[in-house]
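Below sits a lone chain in structure tokens, taken as the form predicted alone.
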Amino acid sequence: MIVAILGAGPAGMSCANACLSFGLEPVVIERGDHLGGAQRSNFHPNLWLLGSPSESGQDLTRRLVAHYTELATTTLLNTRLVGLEQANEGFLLHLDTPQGARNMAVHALVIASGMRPYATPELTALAKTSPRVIIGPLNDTIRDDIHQARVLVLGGGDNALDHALFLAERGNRVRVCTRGVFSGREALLAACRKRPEILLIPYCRPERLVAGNLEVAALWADGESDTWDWLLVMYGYKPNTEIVEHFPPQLRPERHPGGHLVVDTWQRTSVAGIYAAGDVTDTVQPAIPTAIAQGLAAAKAIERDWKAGRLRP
């Protein structure tokens, strides 16, 4: 039984590994040119994995990728799923590969395409014009290049507060602005309030931002303006589930209002034969351990459904 897995992050690699144990044939389809997903750029300690308190997301990802590359799996990098059809024995995938268009018949599909940092269209466009605008936390520039600078952070969650503390420890002065109240953990808020280098401003939103190669100018609602060396946008994440919009209506899995795929406890979506794992689902705590567990659960569900006759080999 052939199982197509969209995404080569922790959830996708875990699912492929488990598929082999359950006698299934996994094919991992990754639209990027690398394995490991977004965590390959996470230089922060991985707080959610018991037993590895000081190991960064990058370190953990390297271990996962090293294990995965030893597996007898098929991996298609730089490959996108551009269409899907129902077939007699499952699904027919239409792929865009470096070698051109390709069709692939599979018996089951696992969506494990992860998430990406979220920003408004205006901020996304601004980041394309200036290296001083960074969207999302997984960026080596934050780790290596921001020192003794003035940094404006937009966002009020854990990522915004965590990065404010990280930057303050490196000699930066940081202003954190959120459109409403701060939603981050109280421990992070308390730590930020103790740092004189950090200014937390609720109900704060710049009226206009102008970015150049050396600084970012902000115009505020009261008419005041100031300039910053860096602008960090920490608005959270958005699931990579737009692909389902290109599926035929009868094959589109149900999604939550925020875009996450709806799954049951076995990682099944609302469409028979289509499963989802990792951050594309509305998981209680998005994290590497959660993604790994859900990848395993999806593979087990496919094996279970196959043996029960709910999937046709």
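All residue numbers are counted from 1 along the displayed sequence. Everything quoted here is computed from the prediction, not taken from an experiment.
Same protein, other form: the form predicted in complex with a small molecule, not shown, and the subject of what follows.
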Residues Pro26, Val106 and Ala272 all lining the small molecule in the model of the complex, heavy atom within 4.5 Å: no
In the model of the complex, the one of Thr75, Asn172, Asn240, Thr178 near the small molecule [non-hydrogen atom within 4.5 angstroms]: Asn240
Partner-proximal stretch of 190-198, 135-143, 206-214, 119-127 relative to the small molecule in the model of the complex, 4.5 angstroms, heavy atom: 135-143
The small molecule contact at Arg31 in the model of the complex, heavy atom, 4.5 Å: yes
Contact test in the model of the complex: Leu152 vs the small molecule, heavy atoms, 4.5 Å: no
4.5 angstroms heavy atom contact with the small molecule in the model of the complex for Ala11: yes
Contact test in the model of the complex: Gly114 vs the small molecule, heavy atoms, 4.5 Å: yes
